[in-house]
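First comes one chain, alone, set out as structure tokens in the form predicted alone.
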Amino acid sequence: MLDFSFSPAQEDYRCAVRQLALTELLPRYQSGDANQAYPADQVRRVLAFSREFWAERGEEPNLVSVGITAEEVARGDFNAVLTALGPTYTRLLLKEAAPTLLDRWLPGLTSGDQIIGLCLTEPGAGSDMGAMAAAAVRNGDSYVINGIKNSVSYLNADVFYVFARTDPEASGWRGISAFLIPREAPGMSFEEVEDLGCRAVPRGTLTLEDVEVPSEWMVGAPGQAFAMISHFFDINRAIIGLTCIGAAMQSLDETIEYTKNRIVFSAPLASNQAVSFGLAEDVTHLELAGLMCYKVLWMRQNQIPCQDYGAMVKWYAPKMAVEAVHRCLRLHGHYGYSTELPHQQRLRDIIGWQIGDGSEEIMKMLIARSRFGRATFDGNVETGRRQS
């Protein structure tokens, strides 16, 4: 029989993280946005709490537990989620890293004392990773890297996970390798962009000019970086979905309470079915999206292929979250439109994840390829480019 419940420990964890999020993270959420201040202390607090919680029970958190962290932390501070997901998540991101690299970076990343920035996107290679132009040329025991990476979240990172082509003869996704490069490496320069949302997390462009790195900084085998990172995409898309759902659910909880107490024409605003039915629809959509996100994490935990399901949650969950928060903003009237309340900030923050890690259109293309078969589409299945 199907079992949709969390374990008793996971349920306790869910309640405890929600309490932490609402009491310690939520009060500084809006000021972090206004001041563009990264929530370093809050990230460390969540990581320490999670580590202590599971250590007391003698357990290692699994992927579903990581999803719980994402959903509940997002209720308090959307911008604290990804760096607060702990060792389980970080080890999966760096699954192919050599022990020496893990020894160097994992302790700081999993304590919150250090931050990692993922560098995939380029000006001419976003969804089409096969068009990547950044190049790493072998030079004895080192590689010399040149290229531009834009839309780098966590531009304040201590180490950057940089993808570059090491085989100039290879095409598409083949011949791409990955490196862990510390911020202080000579030849790296940074330029921030002003974003609509997620303003507490610096985002921008990383330029690499003759950046020489030892060959042992490579993650995984040469030329195999695309296959390596693609296994992580499904997990990350489910995590993104749960992050958006958590923020939207918090807005819904706040709005339900508001409409129960707001008196309009001598009756609670919630007594108007145009109000309560709309919120009921939003709760329904988000509950369904959440179940699918946890299904993806469960599938990956059990090594079941789920690229199409990962794509489903990546477009559906942020879309439903945006619509829910937008309704919450409107129901609060002009107060909702002001910066006095957090709905406008949640809306701005969530919209960014309708783009990041793959747009809605790209996700639907992945689903269509899975269900119709790739041969149905007249294109290069490796790079996404149309054949001549």
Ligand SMILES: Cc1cc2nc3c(=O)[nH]c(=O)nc-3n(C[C@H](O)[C@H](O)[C@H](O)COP(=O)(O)OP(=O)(O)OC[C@H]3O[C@@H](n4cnc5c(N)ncnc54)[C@H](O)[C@@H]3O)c2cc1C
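Numbering starts at 1 and follows the sequence shown. Just so it is clear, the structure is predicted and the values come from calculations on it, not from any experiment.
Below, we turn to the form predicted together with this ligand, even though it does not appear here.
Since the partner isn't included here, can you check whether this ligand sits close to all of L26, R45 and L252 in the predicted bound form (heavy atom within 4.5 Å for each)? Not a single listed residue reaches this ligand in the predicted bound form, so no.
Using a 4.5 angstroms cut-off on non-hydrogen atoms, would S153 count as touching this ligand in the predicted bound form? Judged by the heavy-atom cut-off of 4.5 Å, S153 is in contact with this ligand in the predicted bound form.
Residue-level contact is defined here as any heavy atom of the residue lying within 4.5 Å of this ligand in the predicted bound form; does G32 satisfy this criterion? Contact with this ligand, no.
Do E52 and this ligand come within 4.5 Å of each other in the predicted bound form, heavy atoms counted? E52: no, not in contact with this ligand in the predicted bound form.
Does any part of L120 reach within 4.5 Å of this ligand in the predicted bound form? Heavy atoms only, please. Output for L120 is yes: heavy atoms within 4.5 Å of this ligand.
So which stretch, 53 to 61, 325 to 333, 359 to 367, 66 to 74, is the one near this ligand in the predicted bound form (non-hydrogen atoms, 4.5 Å)? Heavy atoms within 4.5 Å of this ligand in the predicted bound form occur in 359 to 367.
With this ligand left out of view, which of G126, P268, P107, G223 would have a heavy atom within 4.5 Å of it in the predicted bound form? Filtering the options by heavy-atom distance leaves G126.
Of these, H285, R174, K295, R203, which has a heavy atom no more than 4.5 Å from this ligand in the predicted bound form? Spelling it out, the residue with a heavy atom inside the cut-off is R203.
Could you list which residues of 333 to 355 come within 4.5 Å of this ligand in the predicted bound form, counting heavy atoms only? Heavy-atom contacts to this ligand in the predicted bound form: G352, W353, I355.
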